[in-house]
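Quick heads-up: it's one chain on its own, the form predicted on its own, in structure tokens.
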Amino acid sequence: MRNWAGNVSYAAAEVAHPTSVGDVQRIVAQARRVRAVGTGHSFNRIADTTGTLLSASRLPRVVDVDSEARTVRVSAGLRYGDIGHVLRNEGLALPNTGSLPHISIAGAVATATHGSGAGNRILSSGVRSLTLVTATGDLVTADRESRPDDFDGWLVALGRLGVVVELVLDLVPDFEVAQTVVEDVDEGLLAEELTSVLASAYGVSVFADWRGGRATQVWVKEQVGRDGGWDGAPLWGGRAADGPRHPIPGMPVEHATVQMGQAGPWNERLPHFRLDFMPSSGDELQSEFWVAARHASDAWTALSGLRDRIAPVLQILEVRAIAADPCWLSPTRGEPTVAFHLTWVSDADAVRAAVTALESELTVFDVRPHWGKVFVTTPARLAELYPRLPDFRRLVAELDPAAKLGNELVDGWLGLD
């Protein structure tokens, strides 16, 4: 079994596809080592194990909406794209989604996956409660009321506390979004005003093609009717695109979500890609690096200085803003953040060399990597970047004292090996 990108062949002795929560409990209780895998959209070995690789994809489908409480209870293996239309039928919405509707909800929560927007937090922050199977096979539900002191450690847990089987997500009233692509943006102006550009609409992504294929673009996703929202200006020295675009030059535009300012459902505009098509390029590796928003322009300038080193292996650079959140292992570290996402060509050695240079250049900004992507940050540096790591280790010791749910990579990151 391989991950979505094909760069990881899982070393699991067996792959299990349980069809009930009881099956999950039995498998976990009996396993020597076990890890959960979602839709396989991580680009490193975060989900790997030498024991049992457990997929939640065949668990019974649960989408239970509580309109009064504005929550939805979902089974962990569902993808974000699987629940949008159900929520809309109830007049409700998620506040935000990732750029891919293809990713599993539990996997996104475990790795601090996010969408775009200076006012939007990581997807993990929208979890009201989660139910998981612990290393002993017990079923445990955690929420902020029952675990007020450590619930923020249960979110972005890297699969280390148990196998998540259900989650309850917070919802907001249904809304529509209009998406506009602004191209030929003035890169010098962008470098000076990056944080204001990223905060100019409900969701904003800056795309830079440093391979020479096209000029910089700003993808604007505005909530229809929002007070003070983007109204077609400014254009940052550029112009509105005269037709649909794909984030990666040369890829089919029909794979991307509807643009040209045409209003539509939130679940069909907030992602960059349509659920029924291949997201991104499909033949790629990915990295993502987060810095405090106050460093955004300086980090952009530093990264731009590496473009000759980066360009030969880069397909596209995307920059997004993320609001602060309290999760212990969130790369926001509790403050407004800007994330630099790099879609690379599928050449592991060349990408690793580029990532090494990039991380070295951005170290001065306390750069943090996305847990599910390609990075070279050392465990010693991660310990410096995440002051709540000792607290998380204590949580792991409480729930998994025999280290059944770990693997060499994750336990190395966390200082558990």
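All values reported here derive from a predicted model rather than from experimental measurement. Numbers for residues come from their place in the sequence shown, where the first is 1.
Beyond what is shown, the protein has a form predicted together with a small molecule; the following relates to that form.
**Student:** Check for me: heavy atom within 4.5 Å of the small molecule in the predicted complex, for each of 93, 198 and 221, yes or no.
**Tutor:** Answer is no for this spot.
**Student:** Against the small molecule in the predicted complex, would residue 278 count as a contact residue? Criterion: heavy atoms within 4.5 Å.
**Tutor:** Output for residue 278 is yes: heavy atoms within 4.5 Å of the small molecule.
**Student:** How about residue 351 - does it come within 4.5 Å of the small molecule in the predicted complex, if we only consider non-hydrogen atoms?
**Tutor:** Answer no; every heavy atom of residue 351 is more than 4.5 Å from the small molecule in the predicted complex.
**Student:** Is residue 337 part of the interface with the small molecule in the predicted complex - any heavy atom within 4.5 Å?
**Tutor:** Contact with the small molecule, no.
**Student:** With a 4.5 Å heavy atom cut-off, would you call residue 40 a contact of the small molecule in the predicted complex?
**Tutor:** Yes - in the predicted complex, heavy atoms of residue 40 and the small molecule come within 4.5 Å of each other.
**Student:** Just to confirm the contact call: exactly one of 64 to 72, 365 to 373, 381 to 389, 25 to 33 touches the small molecule in the predicted complex at a 4.5 Å heavy atom cutoff, so which is it?
**Tutor:** Correct option: 365 to 373.
**Student:** Give me the residue from 287, 216, 99, 120 that has a heavy atom within 4.5 Å of the small molecule in the predicted complex.
**Tutor:** If I apply the 4.5 Å criterion carefully, the residue I get is 99.
**Student:** The small molecule isn't shown here, but in the predicted complex which of 108, 327, 190, 135 has a heavy atom within 4.5 Å of it?
**Tutor:** Going through each option in turn, the one that passes is 108.
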